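First, one chain by itself: the form predicted alone, in structure tokens.
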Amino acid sequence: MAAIAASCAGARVVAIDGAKKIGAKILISGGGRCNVTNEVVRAEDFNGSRNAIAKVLRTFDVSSTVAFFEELGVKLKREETGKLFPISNRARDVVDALLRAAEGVEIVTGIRVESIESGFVINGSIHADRVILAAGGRSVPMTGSDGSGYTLARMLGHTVTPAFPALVPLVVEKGHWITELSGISVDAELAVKSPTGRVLQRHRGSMLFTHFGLSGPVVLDISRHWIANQPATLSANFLPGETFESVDAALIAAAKRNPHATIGSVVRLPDRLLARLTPETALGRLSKDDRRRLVRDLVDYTLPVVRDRGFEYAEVTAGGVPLSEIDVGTMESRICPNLYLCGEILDVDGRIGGFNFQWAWASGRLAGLSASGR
């Protein structure tokens, strides 16, 4: 996007990519469909300096993104979640459209940038007046974003905050019953808690049980908060919208109406999950302590998470070059004149749903236009 914007503004542009083929991360995104953006994108959907993020997003909003891709022949459709995908459901169409738009760019693939010397001599041989770092973070390193961009940023005087996986599945204790529920999906509210029990972050959405632990949109969204706040715990309310008091009262009332009633007559959850959380005892035979313990497991179950699945499975990277070191009006470095940074190399990460792509389009375009002198 940076190369396209700079080229369209009249600059001579060379785009250097370490991968042999362009757009690998786009091709695997959204299950191969590419979640281009979301119908509503706000700074609040991101982690980072939100005032700075908002300023960048305003330069190229969702409607501009939709129009941009439509002009390139890629019409987008809205799904129930608000995500926007190509109507073809093909990520390849997005890559091909961007390559068409980059016809004026000299694209060099299969060459890793190992060094950028002062005066912008790249790899000892390529001379540039201005440089844009759009090297990504560390997520899915097989696509090329292996963290080498951070090394280049440091060479040019920037600092880099610690990078860690975001939008990443979580692994539970080996042999825990959660791993036996692989394939089951439930609506849940997850909460990250400090060692004292204070809720630090809360998200609601679909949670998927897997052979290794937990995945699904709500798990991916909250994963970076669990990682960033260690030592922290992660708990699940399997009855989102309900509280301990409301569920306890419902069970007491059900037992009074019919002492032989089971928990399944009151609580709607997949049978296999319910069997793991609750005894098969009739409600009327539960002691007060057992009933309260059962309710606690339903609305505040501590998930036995031991680690995340790492950068290989993370959809985005948290951490990177601080926005305080960037002029967000232009994406130019405040430390190294004529250096511009955009995308995932910066300390910005959004929630799942096309938000990180929107950051890429907006920050890349702004960097390209600014580097071209426009």
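Computed from a predicted structure; not experimentally measured. Start at 1 with the first residue shown and count on from there.
The same protein has a further form, the form predicted together with a small molecule, not shown here; the description that follows concerns it.
*Non-hydrogen atoms within 4.5 angstroms of the small molecule in the predicted complex: do Ser29, Val140 and Cys342 all have one?*
Checking in the predicted complex: Ser29, Val140 and Cys342 are all within 4.5 Å of the small molecule.
*Given that the partner is absent here, does Glu315 sit within 4.5 Å of the small molecule in the predicted complex, heavy atoms only?*
Yes, Glu315 sits close enough to the small molecule in the predicted complex that at least one of its heavy atoms falls within 4.5 Å.
*asked:* Even though the partner isn't displayed, in the predicted complex is Gly136 close enough to the small molecule, meaning a heavy atom within 4.5 Å?
replied: Contact with the small molecule, yes.
*Is Ser215 close enough to the small molecule in the predicted complex to count, meaning some heavy atom within 4.5 Å?*
Output for Ser215 is no: heavy atoms all beyond 4.5 Å of the small molecule.
_Just checking whether Asn35 would be counted as a contact of the small molecule in the predicted complex - the rule being heavy atoms within 4.5 angstroms._
Yes - in the predicted complex, heavy atoms of Asn35 and the small molecule come within 4.5 Å of each other.
_Quick check on this chain: which one of Ile111, Ile184, Ala261, Ala249 has a heavy atom within 4.5 Å of the small molecule in the predicted complex?_
Spelling it out, the residue with a heavy atom inside the cut-off is Ile111.
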